[in-house]
Every structure is written in C-alpha cells, then in structure tokens.
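For reference, the chain that follows is the form predicted alone, supplied as structure tokens.
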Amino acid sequence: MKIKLFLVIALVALFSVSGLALRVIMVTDMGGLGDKSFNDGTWEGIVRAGNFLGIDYDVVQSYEQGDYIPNLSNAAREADIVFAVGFLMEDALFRVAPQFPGTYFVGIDIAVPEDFEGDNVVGYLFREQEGAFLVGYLAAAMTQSNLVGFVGGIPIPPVERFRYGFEAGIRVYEDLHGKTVDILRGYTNDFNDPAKGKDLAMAQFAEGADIVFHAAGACGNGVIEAAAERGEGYFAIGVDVDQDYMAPGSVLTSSIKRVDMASYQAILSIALGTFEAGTKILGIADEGVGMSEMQYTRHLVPATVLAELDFLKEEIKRGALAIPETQDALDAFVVPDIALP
C-alpha cells in the first residue's frame, strides 16, 4: 500500500511539473447539483481529484433531455475530460463522443457498447443490487408492521437493480427467520420533484408500511421528509450517498453507490496515463457499493442482525451469494443454503 501511494504521488508530481494541464467538465442529468444524491456524489469525486491534481473543473446543468447533446458537445470543445452523468444520457454520449476523439468521456451508469469503435470512453456501472440487498435484509429485520415500501424514480436499469436487491434481501431474511414481509412499490417517473416522492411515501406509510426505501434521485428527498414527519417508528432508507444526516434518526440506513470513487478514479487514470476504455463494473468486492454506517440508528439494530449483515456481505464478496440483477433472475431466485454465524 505504501509503495502504491508513493508511486501515485511521484506520478502526480511528474504530471504537475510537466506543465501539462487538464480541464474537467461534468454534465449533469436533469437532477443537477444539489440533489444530495447521484449528481452530488459524482461531483464530490471530481472536486477531490481536481484539488489533488491541481486541475480545473466545472459543471454544466441539464434541464431537459434535449440539453444533453449540446451540453456534451460544448463541454468537449472546452475540456479534456467530460463526464456524462446518468443512464438517460447514454444515447447522447455515444452520438457526441465519436466527434471528439481527442477528448476523454466518462459515463456514469453508462455501459460502452461492444461495437463502439472509439477508445476515448469509459463507462462505470454498479452492482446496485448488492448494496440494496443488505438494506433489504435490514428492513425485513427491523419492520414492525411487516410491510415495507419501495419508491423508485424512472424505472431504468440502475433503479430497478436497487429494487431487485432490496426484494432479494427481504426474501433471504424471510427464509432464514420465518418472517413474512410484504412490499409496496411505486414510481415517481421523475428524478427531480421531492413532492412526488413525499406523496408516494406518505401513501405507503398510510397503507401500513413503516420503512420505505427510495431510489429516486431528488424525489427521494421527499421520501426522507415524509419519514421525518411521520415520526417515531417510521424510517426512510437513503440511496447513492450516505443520506442518514438528512433526517437523523429517521433514515434507517442508506444504500451507498460510490459514484464519487468512480469519478475520482477516472480522472486519476487519465492524469497518470493509465486510462482504459470500456466498461467497468463496481460491486461490494470493489467497495463500489454498500450501506452506510448508520451513525444515528445503529443503536436500534440488534447485534445479531449487524453480525448477520457482516456475514452476508462477505458471502457476496466471495461469490457464494449472487444477488439477482434482472427481473427474471429475481423471479427465479432461490435462497441458497446459508449457515448464519
């Protein structure tokens, strides 16, 4: 580890004294900065890398899908590295990137097609289902009403992978502990309107759910607000970044997706000359997904449940427990033989 750190510092020093300069521009999806989620997390990694390397960085807000192509094109004219944030930007990215072969493009939640001929694009995907599995298991353990909720944004693949994992975690807990937990599901079909998330969460709480997991971008901020308003005994589960702080004691945990790590690593790889085009997939084994430390709620969780979560996390890491990543896989999912500690 010390040798690796020394090499990084040495390479960064060489990069700095060489007189070269890089500029980074992040193009947000419609949620934009301030979503306290996906965009903010990606930006955090860019800022950290930019400050570490001493390079310029900026952000461009998209207000509608029609902004994606012009925003990416303009950014590519001005910057050396352009980030396209969000699955909905996929088509725009691969229309723009071939026009700027000298610019590096980084897609977050975007896979690089196998037939893409350029060598200037890297896409980062995440095994969202693995982190969501853990929070689903926890939700099943902690629910008192035996009814939990899921609020998604637009049902695109990354959102749905959160749901698949959440439901698989609940199913495993049911099987191991003989408990039956029902699930309410709803979608805002939006990522930007907290009021929609709040309305859906309030409706699920009214139906009897006491824990609601959101994968809805800024709409999820409303889910957290709803849990806080309902008060004691009601919880939200956050997403993408550690959202526990947003309503201390009302956010049971957060399913974390390390978009900050992806953006940081991408910039460093370009600066240090180790960039590799193609698709990279980050999961629990890469510390690319997981769950929050539960700073405000850990004392509420029985020690046995915490131990089980640690055990299951290791089972996923070593490949003994595969979490479904499609609806078909979820439908066919059979709980394996698991000997809890």
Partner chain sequence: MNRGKIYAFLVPTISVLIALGIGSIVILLIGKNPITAYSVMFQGAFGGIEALADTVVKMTPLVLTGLAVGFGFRAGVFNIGADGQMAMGALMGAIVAMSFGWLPPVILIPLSIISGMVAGAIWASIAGFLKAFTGAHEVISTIMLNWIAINIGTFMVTGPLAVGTGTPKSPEIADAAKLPIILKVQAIQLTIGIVIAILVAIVMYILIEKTTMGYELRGVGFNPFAAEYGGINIKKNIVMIMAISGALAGMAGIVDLLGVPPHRFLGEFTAGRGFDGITIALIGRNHPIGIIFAALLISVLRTGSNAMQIRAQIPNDIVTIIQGIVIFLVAAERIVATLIEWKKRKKVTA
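In this text, all values refer to a predicted model and were calculated from it rather than measured experimentally. Residue numbers count along the first chain shown, from 1.
There is another form of the same protein, the form predicted in complex with the partner chain; it is not shown, and what comes next is about it.
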{"property": "4.5 Å heavy atom contact, Ile69 and the partner chain in the model of the complex", "result": "yes"}
{"property": "Contact label in the model of the complex: Val60 to the partner chain, heavy atom within 4.5 Å", "result": "yes"}
{"property": "Any non-hydrogen atom of Phe87 within 4.5 angstroms of the partner chain in the model of the complex", "result": "yes"}
{"property": "Contact label in the model of the complex: Lys196 to the partner chain, heavy atom within 4.5 Å", "result": "yes"}
{"property": "Non-hydrogen atom within 4.5 Å of the partner chain in the model of the complex for each of Met30, Phe100 and Asn189", "result": "yes"}
{"property": "Listed range touching the partner chain, judged in the model of the complex by heavy atoms within 4.5 Å, from 278 to 286, 60 to 68, 292 to 300, 47 to 55", "result": "60 to 68"}
{"property": "Contacting member of Asp119, Asp91, Glu174, Glu207, with respect to the partner chain in the model of the complex [4.5 Å, heavy atom]", "result": "Asp91"}
{"property": "Interface residue in the model of the complex among Ile267, Ile256, Val96, Val135, criterion: non-hydrogen atom within 4.5 angstroms of the partner chain", "result": "Val96"}
{"property": "Stretch 143 to 157 - residues with a heavy atom within 4.5 Å of the partner chain in the model of the complex", "result": "Ile154, Pro155, Ile156, Pro157"}
